[in-house]
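We begin with a single chain expressed as structure tokens, specifically the form predicted on its own.
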Amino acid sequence: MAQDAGIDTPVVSDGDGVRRRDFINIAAVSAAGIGGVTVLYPLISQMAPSADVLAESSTEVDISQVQPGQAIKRVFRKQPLFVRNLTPKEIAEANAVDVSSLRDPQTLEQRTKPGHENWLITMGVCTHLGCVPLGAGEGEVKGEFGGYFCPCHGSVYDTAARIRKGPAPKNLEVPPYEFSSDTVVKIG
């Protein structure tokens, strides 16, 4: 306490002033941070997928009714999906192909899951220009290799959905999938 003309007046030390200044800085930065989060949260959250998109991110397919040699078509992410139950003859034909002679070399084993080699699951979109190949429906043309035939530009796929002839650069895509049970496959 300093006395000036007999009046007691408190003297503020520099330590107290720094503490008040720090408090004001922390309060201002906190308010700015809260304001920033308030502005950024709606901008970021609007980029999240909507409920209908999340619902289509995976699908389950019941394969119990698909007989050997038969294929079914389903829709996955708004694109056709082919699920084919290969016969032992089709598996043998696919395994007999010299993989090094293929444009997009893949074995049937690489395109199927262990223990389920007879189930071939591919996207039903030609890798040339995106047409839907024939061969999954009853009575459709399967092409000379017994797999799929794209009517748009003549790409021909074998029983393992590998490109064998025509302008398509790659095999039909195998989406990510897993077997939930012996009769249900979860795609995506």
Partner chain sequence: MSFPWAKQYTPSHPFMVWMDEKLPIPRLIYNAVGGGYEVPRNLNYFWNFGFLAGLCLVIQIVTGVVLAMHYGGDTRVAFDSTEHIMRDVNWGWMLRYGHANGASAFFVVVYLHIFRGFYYGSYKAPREMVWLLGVVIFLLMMATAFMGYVLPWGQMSYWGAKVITGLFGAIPLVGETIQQWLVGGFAPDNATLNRFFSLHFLLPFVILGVVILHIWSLHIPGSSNPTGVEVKSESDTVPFYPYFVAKDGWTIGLFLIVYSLMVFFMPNALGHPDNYIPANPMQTPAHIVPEWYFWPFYAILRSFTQDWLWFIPAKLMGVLAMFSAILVWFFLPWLDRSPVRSGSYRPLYRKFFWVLVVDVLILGYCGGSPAEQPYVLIAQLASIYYFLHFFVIVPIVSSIERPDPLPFSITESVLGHDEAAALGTRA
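Just so it is clear, the model here is predicted, and its values are computed rather than measured. Numbering follows the first chain given and starts at 1. Note that the rigid core is defined as the largest set of C-alphas that superpose within 1.5 Å between two forms.
Keep in mind that the form predicted in complex with the partner chain is not shown, yet the notes after this line are about it.
Asks: Pick from Ala32, Ala48, Ile26, Val39: which residue has any heavy atom within 4.5 angstroms of the partner chain in the model of the complex?
Replies: Of Ala32, Ala48, Ile26, Val39, the residue with a heavy atom within 4.5 Å of the partner chain in the model of the complex is Ala48.
Asks: Of Val66, Val132, Val61, Val141, which one comes within 4.5 Å of the partner chain in the model of the complex, counting heavy atoms only?
Replies: Contact check passes for Val132.
Asks: Residue-level question: is Thr87 within 4.5 Å of the partner chain in the model of the complex, judged on heavy atoms?
Replies: No, Thr87 stays farther than 4.5 Å from the partner chain in the model of the complex.
Asks: Does the 4.5 Å heavy atom contact test between Gly166 and the partner chain in the model of the complex come out positive?
Replies: Result yes; Gly166 sits at the interface with the partner chain in the model of the complex.
Asks: For Pro80, is any heavy atom within 4.5 Å of the partner chain in the model of the complex, or not?
Replies: So Pro80 counts as contacting the partner chain.
Asks: Taking the partner chain as it sits in the model of the complex, is Pro151 in contact with it (heavy atom to heavy atom, 4.5 Å or less)?
Replies: Judged by the heavy-atom cut-off of 4.5 Å, Pro151 is in contact with the partner chain in the model of the complex.
Asks: At a 4.5 angstroms cut-off on non-hydrogen atoms, which residues of 93 to 130 are near the partner chain in the model of the complex? List them in order.
Replies: Heavy-atom contacts within 4.5 Å come from Arg103, Val125, Thr127, His128, Leu129, Gly130.
Asks: Note yes or no: does the Cα of Ser45 move by 2 Å or more between the shown form and the other one after the core is superposed?
Replies: Moves: yes, 2 Å or greater.
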